[in-house]
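Single chain ahead, by itself, as structure tokens, in the form predicted alone.
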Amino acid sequence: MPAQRWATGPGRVNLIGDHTDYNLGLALPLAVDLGVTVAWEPGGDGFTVVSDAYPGEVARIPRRPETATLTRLEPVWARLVAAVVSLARPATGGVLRVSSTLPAGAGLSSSAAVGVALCALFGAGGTPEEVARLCQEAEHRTGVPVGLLDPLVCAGGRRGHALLVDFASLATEHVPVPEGAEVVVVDSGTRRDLRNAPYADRVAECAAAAARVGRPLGLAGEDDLAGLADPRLRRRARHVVTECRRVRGAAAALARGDLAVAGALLDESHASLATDFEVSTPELDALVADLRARPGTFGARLTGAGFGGCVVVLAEPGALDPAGLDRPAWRVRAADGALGPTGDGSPSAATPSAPAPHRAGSAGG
């Protein structure tokens, strides 16, 4: 029997630039040292899948799942695994065991971490872009209309760097995170599932605004918004346009070590997500206000799609002790993506005959 193989897909924290990826705009995420590990014992003509996040549940997946059946597969959490299997077309089945140091539903992209880990295991894709497109298609096949941001950084991140992504061209640039910066992720305690949240509504609203503007919102300017008579569509478009400007500013500020400016742009981003894009919650707003009031913090905002999940904080070293907060929190560091530090298409995270180490950051609560 072939040796067991395993791969770890990192989670991601988006420093700034949310709801810009599917609008062909800009974002500045980083892969983090929390992740999802998938171990594979090859053998047989189908897959048996278990996950430590869902103890007692077992999924059975054929080696060649039919696309039409993916949205009916039970349990629900196994649908993404089945969709990746259907696209990657591994030569054999086997047992897949999923374990994670990422909090489920907290907005740290556990689904993209699973997807890129499976791609590394199965040798699917190649470059970070190819892996990201495969993972995006897998999500779409399960009914979740995600963009490319999460799988792209989970596949192609670099240790010590954020990844500036231009989704119009998929050009990327590794931006160093200054030594004097700490990134802390704090859980709001509000869970969300994009299948049940109005994420698809925001995608549709942006598409409607882009159709009236005549170009993708990520490529539009503030002058283009004057012709949007619908106030709701104008607010959605304004968030995307101004968020892209903030991403550029934050990347430049980090590159020169100006954490005060970068933090102020995070603050502005949260205000825009809450007011113009309406994806924040009272819990997220209260948590952002509390964290920003603490000495040594430069900026804070919700991270991910919103509707719950986590807040990301840019702070001085030691300003926020995750263990001292009254809720789960993690001090995270920028990590390599699932394809390794070169991102050259070699799935260096896929390793035989060993369990994957958990790469957890500091955790509290």
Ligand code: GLA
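Note that the structure is a prediction, hence the values are computed from the model and not measured. Numbering starts at 1 and runs along the sequence shown.
The same protein also exists as the form predicted in complex with the named molecule; that form is not shown, yet it is the one meant from here on.
For the options Leu320, Val49, Ala305, Ala39, the one in contact with the named molecule in the predicted complex, meaning a heavy atom within 4.5 Å, is Ala305.
Taking the partner from elsewhere, Cys206 is found to have every heavy atom lying beyond 4.5 Å of the named molecule in the predicted complex. Among residues of the shown chain, Phe122 is not one whose heavy atoms approach the named molecule to within 4.5 Å in the predicted complex. Although the partner is absent here, Pro103 lies well away from the named molecule in the predicted complex, with no heavy atom inside 4.5 Å. In the predicted complex, the named molecule stays beyond 4.5 Å of every heavy atom belonging to Gly93. This chain is displayed without the named molecule, yet in the predicted complex the stretch 147 to 155 from 177 to 185, 147 to 155, 95 to 103, 226 to 234 comes within 4.5 Å of it by heavy atoms.
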